[in-house]
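The data below hold one chain only, encoded as structure tokens and taken in the form predicted alone.
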């Protein structure tokens, strides 16, 4: 089984070497820190003035922009980090900024995926991204005065709340002066039980000309309240970034912490993590497929898939102690074992679910009224999916075929065969079919994991010594790639935690794929993306 700290192979790293040579020819000096920190990613240190050139050249060689996080070094300035990906290989480029000159060239000029992430950093740290195409505030709303930046070390976790926060009623949405174009405001409070988010439509008749999202209403201060926690405390917090991705976020955070401390967990622990992650993936896909069908007036599918999902969650509770598998992944391994007498019942459940889906799927595929609504609706081109860095079923539904379990496999996926589902049509039907295909692939992965589930410990103890260290964790959650960065201080407590949910890149896709659709198709298009509000609003 591959050590999760193993360095990049030639396949993963050749492009990194080529990019460095290209930049060196243009006078860019980079200190190579690879092997010293953040394995398995390559790490460069560059000057702030070269930040924009890095993005330009990375875009030319078709890298994927995968995340940005700043780090307040507590009176010693700030550090900016950006993650770039190609062929499954990760490169982290970092630079140091003085508090008096908090400015960087915007990467959003080259990578649209960087747009909102840079605005997040600008709002919470006060850094100015020069040349950014959209400098409007993003997560700030009206919660903090303009001169206060909540992620700086000097800002208290409890904040300085006013008696009553002013409504964010003056946000400058895109408008139209044409008399035939009208605005439709939806949210942020919705009729259902979904979390708050505002959607502003421009439409002619029922045809959508433009959609603009306004998120951030459930900002929780995750990054701030992570500071000062120990490893167990951070794992519990990570599992609550987004409740439907509790396994994936906890795994990414634990992977980052384990890499920071060079802790290798037992093989049974790795395999149980894989079982938990695939069960989370299947449970969410079952719910989503049913919900998409329900949004277009086909409740039969919703009834059946909700029934299957409920049975799946009850099995989670019976075998692992929690329906949603919260707090099952812990630093050093897992908290709950799978008893031997439960292995065969789980195998039977896998077979039974496969049989039920084999009977149900043709009913959906041949229902003309259902397919008439799904096929051709919510089209997202491969070009747009690639530009926005869309992940998971959103990207793969448009042919942007990216799956870490196959492209850069980590334990236990390095010893398994993983079929990464992909479609090219780019519509709601494609995103639904990717979910169906992923369920089938995950059932095969679970069968392999049960076969390989050896005896032995499920968790190694967390090292007792405190050290200054950092780590990067990246896992394939059910929505797509989740990235987590963790830095420990000299006391062994968390100094910085940054989780990046795939919803950060998938939410903007909704604004693109709704163009030209009718307003009544918005719920279906929205559910086909199903971005996490909580995962976005850290």
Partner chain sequence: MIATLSKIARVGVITEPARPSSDAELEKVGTEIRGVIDRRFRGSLAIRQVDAGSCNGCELEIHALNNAFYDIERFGIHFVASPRHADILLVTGPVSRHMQHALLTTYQSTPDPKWVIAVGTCAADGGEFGVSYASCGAVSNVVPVDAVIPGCPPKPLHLLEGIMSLISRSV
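Positions refer to the first chain, counted from 1. Computed from a predicted structure; not experimentally measured.
Omitted here: the form predicted in complex with its partner chain. The next part is about that form.
The stretch that touches its partner chain in the model of the complex, counting heavy atoms within 4.5 Å, is 352-360, out of 336-344, 88-96, 352-360, 267-275. At a distance threshold of 4.5 angstroms between non-hydrogen atoms, residue 244 is in contact with its partner chain in the model of the complex. In the model of the complex, its partner chain lies within 4.5 Å of some heavy atom of residue 216. Taking the partner from elsewhere, residue 125 is found to have every heavy atom lying beyond 4.5 Å of its partner chain in the model of the complex. Proximity of residue 466 to its partner chain in the model of the complex: non-hydrogen atoms within 4.5 Å are absent; the residue sits far from the partner.
Contact with its partner chain in the model of the complex, judged by any heavy atom within 4.5 Å, is made by just one of 399, 188, 409, 440: 188. Note on contacts: among 456, 192, 461, 75, the single residue with a heavy atom within 4.5 Å of its partner chain in the model of the complex is 192. The candidate site formed by 139, 162 and 326 is fully in contact with its partner chain in the model of the complex, as each residue has a non-hydrogen atom within 4.5 angstroms of it.
In the model of the complex, no residue of 79-101 lies within 4.5 Å of its partner chain by any heavy atom.
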